[in-house]
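One chain follows as structure tokens, the form predicted alone.
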Amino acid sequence: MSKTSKHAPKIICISSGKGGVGKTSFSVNVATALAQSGKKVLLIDGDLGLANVDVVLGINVRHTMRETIEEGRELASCLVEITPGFQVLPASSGVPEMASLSYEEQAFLTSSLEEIIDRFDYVLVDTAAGIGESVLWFNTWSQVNIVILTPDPTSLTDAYALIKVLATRHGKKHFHLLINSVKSKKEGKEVFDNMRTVLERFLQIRPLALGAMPQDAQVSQAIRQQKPFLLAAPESRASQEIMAVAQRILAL
């Protein structure tokens, strides 16, 4: 499934073991930051049955990937432009069967995606939480795997479970960890160090630190306004960190 053309985009999967860790907000804002850096960015809502990228961005969706799979609609006609250089490919909400596509449907969606991604520099996939089929499939399709976790102990154990499945069953060995909702840089470093110790000890995996997003009231405010916090509060601590994370992604 890897592409060999010299215009092949960098495909990045953003996942979490547990829901509610701020994955979609992170995905939307890092996509916004990459677009501000002059890159052409596609954000795929990879939560195929419980889509929420459109909700976070406050957009009205007319067509989704569901119509591509069920009716053969061209994916290009489902794209929604958010800002210059930043487009979203929406998914459907409240459609449980979309969360467990057959092998044939996955293959068809993959080939449909391969047809449109060449026009972008970066393709980000905001997956569902957990270790469902679509999560594992999007992670194996991607070249870069970002796992988001918070200092919450259940978030750590679920992130470990996701990484373990991707490593042992799908041969993934390189992971970038993003610690979200930390009280301080020190807390972010402690969470990362703990996770790295466990991954090295039990899975022989050395994760890379992508960053630590601070707890920031302006983030929840922006979510309520259905705007990327990078645009709603560009001076906030969260916005400064997301710009730094985007620079690290550009350097990958």
Partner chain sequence: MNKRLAADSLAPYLELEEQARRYPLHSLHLQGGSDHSPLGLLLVADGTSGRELEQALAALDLGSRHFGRHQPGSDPAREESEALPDAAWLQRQLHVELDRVTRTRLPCALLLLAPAGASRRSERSLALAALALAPCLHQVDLLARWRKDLLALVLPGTNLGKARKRAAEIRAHLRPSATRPGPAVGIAVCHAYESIAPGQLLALAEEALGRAGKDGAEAICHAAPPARPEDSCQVTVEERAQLFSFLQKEACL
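Positions refer to the first chain, counted from 1. Note that the structure is a prediction, hence the values are computed from the model and not measured.
Omitted here: the form predicted together with its partner chain. The next part is about that form.
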(message) Check for me: heavy atom within 4.5 Å of its partner chain in the predicted complex, for each of 110, 191 and 195, yes or no.
(response) yes
(request) Look up in the predicted complex whether residue 97 has a non-hydrogen atom within 4.5 angstroms of its partner chain, and give yes or no. (result) no
(message) Can you tell me whether residue 120 touches its partner chain? I mean in the predicted complex, with a 4.5 angstroms heavy atom cut-off.
(response) no
(message) Against its partner chain in the predicted complex, would residue 206 count as a contact residue? Criterion: heavy atoms within 4.5 Å.
(response) no
(message) I'd like to know if residue 201 sits close to its partner chain in the predicted complex, meaning any non-hydrogen atom pair within 4.5 angstroms.
(response) yes
(request) Just give me the single entry in 81, 115, 104, 71 that has a non-hydrogen atom within 4.5 angstroms of its partner chain in the predicted complex. (result) 104
(message) At 4.5 Å between heavy atoms, only one of the stretches 72 to 80, 152 to 160, 85 to 93, 121 to 129 reaches its partner chain in the predicted complex; which one is it?
(response) 152 to 160
(request) Residue by residue through 137 to 151, tell me which have a non-hydrogen atom within 4.5 angstroms of its partner chain in the predicted complex. (result) 137, 140, 141, 151
